[in-house]
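Let's start with one chain on its own, the form predicted alone, as structure tokens.
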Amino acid sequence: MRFSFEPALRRFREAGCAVDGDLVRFDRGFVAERLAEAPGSFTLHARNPERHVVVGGEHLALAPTGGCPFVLDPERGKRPPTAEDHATFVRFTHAVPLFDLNESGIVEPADLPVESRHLDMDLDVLRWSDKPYFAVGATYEGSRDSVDLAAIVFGGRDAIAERPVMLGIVNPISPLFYDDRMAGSLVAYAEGGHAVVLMPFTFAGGTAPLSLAGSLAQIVAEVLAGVCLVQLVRPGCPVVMGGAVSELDLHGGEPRYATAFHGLAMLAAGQLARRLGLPFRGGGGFTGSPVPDVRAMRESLMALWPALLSGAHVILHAAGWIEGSLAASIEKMAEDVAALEVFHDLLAAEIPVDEEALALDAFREVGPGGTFLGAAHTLRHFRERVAAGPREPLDWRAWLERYEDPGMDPAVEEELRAFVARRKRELERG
């Protein structure tokens, strides 16, 4: 595995790994020891204790899409996002009970400076929501800022190291490379004790082999290398394995989503994560459609099914993804929420088997050839079945109208904003 971040290479050398320039070779026993240090499950702590999230076990946490360079405005079409767009998506995510996690960087505000916009986006999720969240840092400095901002809200760096409050996404540069940005971000999150989500996002035939087994082997290698670095920085730091393999259309060059290849890769990646004893982050509602049309929903549903069946503990991009992640659509996000509510009911459902559930009295009352419409059993359960029937999807505006500001201690908010202002000045000076 290649690492271009010198502090990472130094840690590997000190641990006795074979390092040749920027190339690191991993011993099987060394990897097994580091893997054993990573917990199989952990808790993310929220500002609101009722919103704590367990990652691992039988639990599933959902989050919307993120990292989009454009927004698909329902009224003005596709355009660059603004800071207000980002805050709107954060409020929407907070208002939807189905979302367990908020997301810093749902869209990338084009009206904010690139070098400092991560501060504003993290401030949004800390101020306008009290759910655990994905942080946006994508460099050592940016991720360190994310940890420092969280420390202001949650009682200091020592406190959040013991009680992680956020997930940090780290995407290896496939194949088999962690550059300065990604390795640096990994180190900063691990230093702060926060969960690191290692998410290879590969395209078979492009950034991974044009075979399912080869692509999966590459994902595992990239994840295990990241696990080793996380544990060298802070033994016991939580790590989440991600894995998404999509096909590349070798004629036109565009990604293909919601194919059988993608679904099988997701199911197999979930099994591999369980084999390694790591929580698993599955893919989301992927689509290549540029608009929230029938094609978009069909592809998203076909991509969500294997993600849910894979046993994923976290699903990012569960709603709002459009045009291969080029844009976020609040309109599609609302439609995706309606679909996710059905999935949620399916996953949470239990089938009771007792005399009342088997409706033995109804069979005796109705008899062969009869109808259950007027049976006493039907009348007893009529209202609960009506309540559990199909729900009309809420318009995105209706969800925003449901948003309630969670509030924040004015002194904490003042300290947050002062930190953001100071760091912006430092970044402007270079």
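Only the largest set of C-alpha atoms that superpose within 1.5 Å between the two forms is called the rigid core. Each residue number is its position in the shown sequence, starting from 1. Note that this is a predicted model, so its numbers are computed, not measured.
A second form of this protein, the form predicted in complex with a further copy of the same chain, is not displayed here; the remarks below concern that form.
TODO: Go through Ala83, Leu98, Ala161, Leu210 and name the one with a heavy atom inside 4.5 Å of a further copy of the same chain in the model of the complex.
DONE: Selected residue: Leu210.
Task: Heavy atom within 4.5 Å of a further copy of the same chain in the model of the complex - the one residue of Phe177, Tyr140, Trp128, Phe154 that qualifies - done: Filtering the options by heavy-atom distance leaves Phe177.
Task: Proximity to a further copy of the same chain in the model of the complex (heavy atom, within 4.5 Å), stretch among 233 to 241, 312 to 320, 285 to 293, 88 to 96 - done: Answer to the contact question: 285 to 293.
Open item on the list: Whether Arg385 contacts a further copy of the same chain in the model of the complex should be assessed with a 4.5 Å heavy atom distance threshold; does it?
Closed with: Yes, Arg385 lies within 4.5 Å of a further copy of the same chain in the model of the complex.
Task: Proximity of Val366 to a further copy of the same chain in the model of the complex, heavy atoms at 4.5 Å - done: Answer yes; at least one heavy atom of Val366 falls within 4.5 Å of a further copy of the same chain in the model of the complex.
Open item on the list: I'd like to know if Asn48 sits close to a further copy of the same chain in the model of the complex, meaning any non-hydrogen atom pair within 4.5 angstroms.
Closed with: Asn48: no contact with a further copy of the same chain in the model of the complex.
Open item on the list: in the model of the complex, is there a heavy atom of a further copy of the same chain that lies within 4.5 Å of any heavy atom of Ala258, even though the partner is absent here?
Closed with: Judged by the heavy-atom cut-off of 4.5 Å, Ala258 is in contact with a further copy of the same chain in the model of the complex.
Task: Ala32, Val53 and Leu112 each touching a further copy of the same chain in the model of the complex (heavy atom, 4.5 Å) - done: No.
Open item on the list: With a further copy of the same chain taken in the model of the complex, which residues across 334 to 372 come within 4.5 angstroms through any non-hydrogen atom?
Closed with: Those in contact are Glu335, Ala338, Ala339, Val342, Phe343, Asp345, Leu346, Ala349, Glu350, Ile351, Pro352, Val353, Ala357, Leu358, Ala359, Phe363, Val366, Gly367, Pro368, Gly369, Gly370, Thr371, Phe372.
Task: Large Cα shift (2 Å or above) at Val54 between this form and the one not shown, core-fitted - done: Comparing the forms between this form and the one not shown, which are aligned on their rigid core, Val54 does not shift its C-alpha by 2 Å or more.
- [ ] Examine Asp73 after superposing the rigid core and state whether its CA is displaced by 2 Å or more between this form and the one not shown.
- [x] For Asp73, whose C-alpha is compared between this form and the one not shown after core superposition, the shift is less than 2 Å.
Task: Glu356 C-alpha relocation of at least 2 Å between this form and the one not shown, rigid core basis - done: Shift of 2 Å or more: yes.
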